[in-house]
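For reference, the chain that follows is the form predicted on its own, supplied as structure tokens.
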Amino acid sequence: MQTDLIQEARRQAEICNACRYCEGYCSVFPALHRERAFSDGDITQLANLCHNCRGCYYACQYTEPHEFALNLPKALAEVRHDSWKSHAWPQGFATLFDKSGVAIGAGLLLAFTFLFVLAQALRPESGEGFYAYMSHGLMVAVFAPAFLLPLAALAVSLRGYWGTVGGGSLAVSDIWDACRSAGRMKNLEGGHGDGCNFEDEDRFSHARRHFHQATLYGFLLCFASTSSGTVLHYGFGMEAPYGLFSLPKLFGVPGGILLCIGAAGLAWLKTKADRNLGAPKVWGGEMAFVLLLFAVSATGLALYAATGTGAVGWLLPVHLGTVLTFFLLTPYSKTAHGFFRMAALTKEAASKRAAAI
């Protein structure tokens, strides 16, 4: 990891540790105040605990023009991004994506869409729904490795992160506490439950928390839709297309709508917020990721709405291209932050449990 980023975050954390004005704002400050000195692993853990709500910055008396020039949200955002990159595997892909992430994402999307258009020339002689345009076997051959290989890469990355932050053994309660915190988006509630100041210094709002929740639960519902379809196909011999009141549709349609709302809302909020309170160099890449997430859900809903019409022939390649691009970029784009955030929340729960013993 970049030593200068760690050093600057450490300088600011030490000042915050002496001040303690922001103690009740989020999980970062109780974790910070448990320490007397900060190793590189401690700073990395604090960075991944931070949800960049920015309330501490607007409350701080030591921001510029004070000589301390504190900007803890920015310092932790830069360490956080660097931690994903430094722990990513294979390392070469992470470095390449960091330099040209938007171009790589756009190139993959166009290339995969074109390839899926060409693949329709191999369409089966018979089939219903999507399978009239592309065989089930071809979809499985493409998407099974595209889903499993990024997960394997993420597992290697998280193992490296866990070692860096000094993660030890866990209890089931630690994982449960982390899941509850993530589900509530507790760290975006603000110190007094009024919300955070992400968009504006003087305005407390729960908008970012609610859009994050819509994105999270929408994504989980879409995953449940795909999983239930897999079980129905292989376990019960029930092949797609599925009706509106089937599990894949009951999960997938609300999930897609929530994902659209959440991603669009987060993109909108990013345009309103001060870029200098995050990691400015990766603002464009983060926005591209949010828009890609929106495209995955929007094209999926459009494809469902177009079922039985000629529009399926061109919507299907576009949707499959966005999904495949999203999967393959998962270990190197901001998608990874969800996995690192869960690891950080779990580590924090374990540390709090150990401190209470």
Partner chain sequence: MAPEPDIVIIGGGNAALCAAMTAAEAGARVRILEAAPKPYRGGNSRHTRNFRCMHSGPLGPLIDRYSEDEYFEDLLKVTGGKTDETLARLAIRLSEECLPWMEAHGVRFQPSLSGTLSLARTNAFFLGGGKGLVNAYYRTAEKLGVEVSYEAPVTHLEFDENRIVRVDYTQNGETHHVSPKAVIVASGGFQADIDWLTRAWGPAAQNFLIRGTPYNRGVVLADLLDQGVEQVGDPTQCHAVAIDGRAPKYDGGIVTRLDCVPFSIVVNKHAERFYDEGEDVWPKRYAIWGRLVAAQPYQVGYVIIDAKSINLFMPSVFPPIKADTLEELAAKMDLPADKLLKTVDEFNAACGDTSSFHPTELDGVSTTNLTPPKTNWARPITEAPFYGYSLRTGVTFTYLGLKVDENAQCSIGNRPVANMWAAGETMAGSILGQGYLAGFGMTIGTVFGRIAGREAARYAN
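Numbering follows the first chain given and starts at 1. The structure presented is a predicted model; accordingly, all values stated were derived computationally and were not measured.
Beyond what is shown, the protein has a form predicted in complex with the partner chain; the following relates to that form.
Student: Only one of P150, G265, G229, G190 comes within 4.5 Å of the partner chain in the model of the complex by heavy atoms, so just point that one out.
Tutor: The residue in contact is G190.
Student: Give a yes or no on whether each residue among E23, Y62 and P65 has a heavy atom within 4.5 Å of the partner chain in the model of the complex.
Tutor: Yes, because E23, Y62 and P65 each have a heavy atom that approaches the partner chain to within 4.5 Å in the model of the complex.
Student: With a 4.5 Å heavy atom cut-off, would you call D202 a contact of the partner chain in the model of the complex?
Tutor: Yes, contact at 4.5 Å.
Student: Contact between T335 and the partner chain in the model of the complex at 4.5 Å, heavy atoms?
Tutor: So T335 does not count as contacting the partner chain.
Student: Taking heavy atoms only, is E239 within 4.5 angstroms of the partner chain in the model of the complex?
Tutor: Flag for E239 set to no.
Student: Under a 4.5 Å heavy atom criterion, is F294 part of the interface with the partner chain in the model of the complex?
Tutor: No.
Student: Only one of these stretches, 87-95, 202-210, 158-166, 101-109, has heavy atoms within 4.5 Å of the partner chain in the model of the complex; which one is it?
Tutor: Stretch 202-210 is the one.
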